[in-house]
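One chain follows as structure tokens, the form predicted on its own.
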């Protein structure tokens, strides 16, 4: 089975309206290129499971999300994305956890169990507002404990530094809830800075965040996490993105020019380079040999 394909092919083939979608990245290495493609294809009625994924604001602003499962969002009544979604009568329902609560729900999904016990959450007001967090009695001790219901996304997208053509994907740096979320997902799309030989993966197996047999599609997409940073590859420009997509006029200009006005991420990058200049991207670039493993240990 040939898993290597374009972003357009991967999103159209392995995502559909109504999916529960997990997006990787917790202010690091989010699948920005994939998010732009989802918006471009207008895949709607999504339940979004993510933590601190900045470019998911585009999904929200274009009215593609019915429900957001999250521990925190910077999108509030001051956000134009929220205002636009509200104006379209597409404001999503928010299902709130702590960040740890989201990780527990996804971890339960990863393990294939219906819920996971915890000593956290039940000391808060979460139980009043989230029906997927309960207080139960331990069957062994009678102790009061929490229970967080499993989340099993229909589709999961993760952006990584490198992967082989079979989908064995490696990511390092801050991984947030990436491992739990992507391994809980039924269908997995890996986007990667570089496709490397499988021998490179085997020489440094501890960095593999998901094995290839769980992966449906592999997309080689340099700068696929921009404007967020990706450890060992490039620094980010998160605040620049917020500046461009915050106010109404600049948001609509961004959507028109850089989402619907391009065919793919390569064309997006070409436009960005023309505007920002090569020096801008050179300053973000971190020079690292992606085909070689990073030796760790003693």
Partner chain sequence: MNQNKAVLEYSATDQMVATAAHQIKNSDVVYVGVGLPFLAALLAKYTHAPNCTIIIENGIIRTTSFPLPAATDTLGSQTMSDQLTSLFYVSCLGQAGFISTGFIGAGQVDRYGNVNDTVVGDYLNPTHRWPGSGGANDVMSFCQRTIIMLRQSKRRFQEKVDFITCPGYLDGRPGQREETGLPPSTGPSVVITDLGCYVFEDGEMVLKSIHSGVGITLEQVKAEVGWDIKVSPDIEESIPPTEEEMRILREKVDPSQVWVGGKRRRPGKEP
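Numbering follows the first chain given and starts at 1. Please read all numbers here as calculations on a predicted model, not as lab measurements.
Just so you know, the form predicted together with its partner chain exists too; it's not on screen, but the next bit is about it.
Using a 4.5 Å cutoff between non-hydrogen atoms, residue 272 does not count as a contact of its partner chain in the model of the complex. In the model of the complex, none of the heavy atoms of residue 115 sits within 4.5 Å of a heavy atom of its partner chain. Although the partner is absent from this view, residue 222 stays clear of its partner chain in the model of the complex, with no non-hydrogen atom inside 4.5 angstroms. The shortest heavy atom separation between residue 229 and its partner chain in the model of the complex is within 4.5 Å. This chain lacks the partner; the member of 52, 60, 43, 259 within 4.5 angstroms of its partner chain in the model of the complex by a non-hydrogen atom is 52.
Contact with its partner chain in the model of the complex, defined as a heavy atom within 4.5 Å, holds for exactly one of 149, 99, 202, 194, namely 99. Per the 4.5 Å heavy atom criterion, its partner chain in the model of the complex is contacted by stretch 104-112, the sole one of 213-221, 104-112, 162-170, 183-191. If you take 103-124 and check each residue for a heavy atom within 4.5 Å of its partner chain in the model of the complex, you get 103, 104, 107, 118, 119, 120, 121, 122, 123, 124, in sequence order.
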